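What follows is one chain in structure tokens, specifically the form predicted alone.
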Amino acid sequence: MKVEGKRRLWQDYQKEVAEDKFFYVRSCIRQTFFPGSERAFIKIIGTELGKEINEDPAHTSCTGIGYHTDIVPFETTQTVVARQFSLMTEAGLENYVPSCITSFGLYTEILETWEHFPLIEEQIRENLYKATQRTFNKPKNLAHASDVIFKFRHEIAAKAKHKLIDVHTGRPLRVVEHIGCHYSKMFPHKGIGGAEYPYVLAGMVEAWGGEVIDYPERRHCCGFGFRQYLVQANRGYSIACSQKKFESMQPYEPDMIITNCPGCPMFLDRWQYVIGEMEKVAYGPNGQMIPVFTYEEVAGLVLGYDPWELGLQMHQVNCEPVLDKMGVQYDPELKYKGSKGEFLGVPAIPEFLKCC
């Protein structure tokens, strides 16, 4: 294929991301798994970059997990989402930024449905008004929060206190990026780079000095998959999916994994602990496991944020090896202390995982 043709095809998988005035909606589950990530995003966009970012405490779940597990009907889900859009409308904003990629995929599906079936949109507007007396405008720009960080990756790099570089050797950190399925596989043209070559995380890694590692199972599911995990009998399949990825990346000796989905970092982090306890195996170099980060956590480390304020103590796999390589300063005594300095307790030491 001619170079011009390749460039034209690649352009089809780019997207417009708004410059400012964002209506930000949090994720249901990641506030529990990694609570510092969304707080870091708001600080990065609002304080570091000086953009207007609004979040509404009246925002609720999008029902995405309930919808994808056939618990919540699609009509109900659409009405709930219409209410979310009404909050954005009331705030006088039109650039909608979800934290969760399941929400991102769901919002995309609903907007696509309304575009092709306007009578359904009309019915949902009627449902919403009957239930809440609310009306709404549709977003003019829908971008996942990782799209926004990607857009400003070079501005973040210009403010960097640390890079994804081993300060002891000068070599770039070897980074595995994992893209959540609902970001790029449901609607490939809505994600930066499409389904096969998504660039949203790879672009961050490269801009911040790291080396992106390719490996055979790079696009394989993390193992969450809703029905794979929510149904207890299916959890063996869930852990097998994660194990397949770990075994595939192990020969490349990655320093870290970076993700853009609420569930993916939790599963890639927790399942390493479980597999370690079950089979006494670790997939990182020198008998260590591979630290897993959200993109907000990585951006925060690059900007010099305190790792414990980012919530890295919530991770099952020890993150300190990456902090040490990047030259991040931290107080190990504060790892398990609360915001008021109270001691929260050290996790019980497992048999195999080196957690502290």
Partner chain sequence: MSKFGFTILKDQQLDYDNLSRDLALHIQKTEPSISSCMSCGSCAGSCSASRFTQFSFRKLVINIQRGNDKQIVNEIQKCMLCGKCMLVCPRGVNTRNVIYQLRKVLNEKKHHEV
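Source: prediction; values computed, not measured. Positions refer to the first chain, counted from 1. C-alpha atoms forming the largest set that superposes within 1.5 Å between two forms make up the rigid core.
Quick note: we don't show the form predicted in complex with the partner chain, though the next part is all about it.
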Residue among 183, 271, 107, 96 with a heavy atom within 4.5 Å of the partner chain in the predicted bound form: 271
Can you pick out, from 129, 237, 117, 74, the residue that has a heavy atom within 4.5 Å of the partner chain in the predicted bound form? 237
Looking at the partner chain in the predicted bound form, do all three of 232, 278 and 351 come within 4.5 Å of it through at least one heavy atom? yes
Out of the stretches listed (237-245, 165-173, 150-158, 121-129), which one is close to the partner chain in the predicted bound form, meaning heavy atoms within 4.5 Å? 237-245
Once both forms sit on the same rigid core, is the C-alpha displacement of residue 233 at or above 2 Å between the shown form and the other one? yes
